[in-house]
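This document starts with one chain, in the form predicted alone, laid out as structure tokens.
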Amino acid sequence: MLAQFEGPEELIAAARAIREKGYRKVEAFSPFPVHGIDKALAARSPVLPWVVLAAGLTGCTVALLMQWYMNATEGDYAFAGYQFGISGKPFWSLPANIPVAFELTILFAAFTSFLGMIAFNGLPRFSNPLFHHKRFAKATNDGFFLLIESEDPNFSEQAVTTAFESIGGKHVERLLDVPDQPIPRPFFTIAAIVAVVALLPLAYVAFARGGHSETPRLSIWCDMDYQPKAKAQTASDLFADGRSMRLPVAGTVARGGLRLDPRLHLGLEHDDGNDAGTGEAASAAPGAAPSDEDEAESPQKPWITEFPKEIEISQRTMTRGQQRFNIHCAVCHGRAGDGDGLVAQRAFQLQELGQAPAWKPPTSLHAETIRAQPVGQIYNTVTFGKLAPGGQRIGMAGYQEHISLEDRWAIVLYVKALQRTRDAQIDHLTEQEKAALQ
């Protein structure tokens, strides 16, 4: 039974009155939201939000358990997990699993919201008796309606009509539920054929992925797959020698690699024509650090004794040099520069076990020959390593590819500070530093 009312205030009053008469299966319709109508109808809070919450928590739980099973367990049974160690990280850690847990929480909640809305609203329905009522079309314009369903325990056509008229309802009418027309059988046949045809491309793709063919694959969007290009470690017909990887063009300088200032880039007063290394004697065996005699017999070069003007001598540079030294140098030379870093300690252990050849530790940075070296020579060693005149490596590798120019000079500054700590005198300190010591 459907009744029309004048406006939103009359609709709220009518809803309250019809509830007081004992009717429960009541629904209101209006062209816009009417504040207070839910309270007047004593509408129950929807259960869908709680169902969505439960689905979201379920998705989160499923994601965490799935990742734990896949990554933190391993066995010899089917579909077992696989413990894959990466950089010493734990096999299962909650922070690392948050992204997947978040995604499944949203996925479960979204699907539940969509499907739950359809289910709790009794959908899908091919028709509704209200749509066959011409006057009800005003519900989208200026009509306000109350509907009492026949499933209400107190429903009676005469009683409902009287109740509506007593509270100001107009155009009280009976609506008959028109049963849905059955779907024609040919429709199911056509739908089945369309479904089978739609699966054929997927079946072909699945077959092609597991099969082998000598014909090129079909590319709808080729992008840049078939353009002439050179791939590393593969042959190429772009060049006469058939190689993809190319050597730098002779006589050219890479962008940013031009070195015009020998003081800044080489640690030399002027370029002597042999900038690739310090030119230590080749008497030392390959793979071993040069001895003190080697250092003493090194040909003299025009090393600079003062830091280049481009390098700022400050506490900030010193702190940066200490940080870079501890990262790149301390593993061999030790944090104090005594040549007892972790690499050297491990080498001695392997030597005692007979698992390593003879090992000579890195030269102590506090040795007299090293302390006597000017800043330019230390910088050159950090940059190019220890090379014999013929270019043969005899000790430490160069770090010019790993450490920036400014950081290499910062390391030199810190090395000089380390060396000074071994013979520091009280007179070297300021009055404030002396007071702090006292």
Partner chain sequence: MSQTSLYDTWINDTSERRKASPDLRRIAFGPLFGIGALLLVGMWLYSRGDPMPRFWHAYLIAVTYFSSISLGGLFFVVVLHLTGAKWGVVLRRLGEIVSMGIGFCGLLWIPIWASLLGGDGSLYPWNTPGVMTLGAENYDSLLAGKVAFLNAPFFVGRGIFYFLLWFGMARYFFKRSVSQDHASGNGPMEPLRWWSGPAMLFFALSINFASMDWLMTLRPTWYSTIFGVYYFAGSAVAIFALFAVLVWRMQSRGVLTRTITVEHRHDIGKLLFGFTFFWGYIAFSQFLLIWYASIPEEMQWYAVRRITPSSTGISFATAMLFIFHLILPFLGLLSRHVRRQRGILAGWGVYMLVMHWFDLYYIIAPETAGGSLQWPGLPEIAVVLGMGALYAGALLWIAAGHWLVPVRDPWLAESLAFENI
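Just so we're clear, the structure is a prediction, and the values are computed from it rather than from any experiment. Residue numbers count along the first chain shown, from 1.
This protein has a second form, the form predicted together with its partner chain, left out of what is shown; the following refers to that one.
Q) Out of the stretches listed (399 to 407, 365 to 373, 28 to 36, 62 to 70), which one is close to its partner chain in the model of the complex, meaning heavy atoms within 4.5 Å? A) Of the options given, it is 28 to 36.
Q. Quick one: does Arg209 come within 4.5 Å of its partner chain in the model of the complex, counting heavy atoms only?
A. Result no; Arg209 lies far from its partner chain in the model of the complex.
Q) Would Arg125 count as touching its partner chain in the model of the complex under a 4.5 Å heavy atom rule? A) No, Arg125 stays farther than 4.5 Å from its partner chain in the model of the complex.
Q: Flag Leu353 as yes or no: does it have a non-hydrogen atom within 4.5 angstroms of any non-hydrogen atom of its partner chain in the model of the complex?
A: Flag for Leu353 set to no.
(Q) When the contact criterion is heavy atoms within 4.5 Å, does Pro99 count as touching its partner chain in the model of the complex? (A) Contact check for Pro99: yes, within 4.5 Å of its partner chain in the model of the complex.
Q: Counting non-hydrogen atoms within 4.5 angstroms of its partner chain in the model of the complex, say which of Ala240, Ile86, Val205, Leu176 makes the cut.
A: Exactly one listed residue reaches within 4.5 Å, namely Ile86.
Q) Out of Lys309, Lys134, Arg255, Arg217, which one falls within 4.5 Å of its partner chain in the model of the complex, going by heavy atoms? A) Looking at Lys309, Lys134, Arg255, Arg217 one by one, just Arg255 meets the 4.5 Å heavy-atom criterion.
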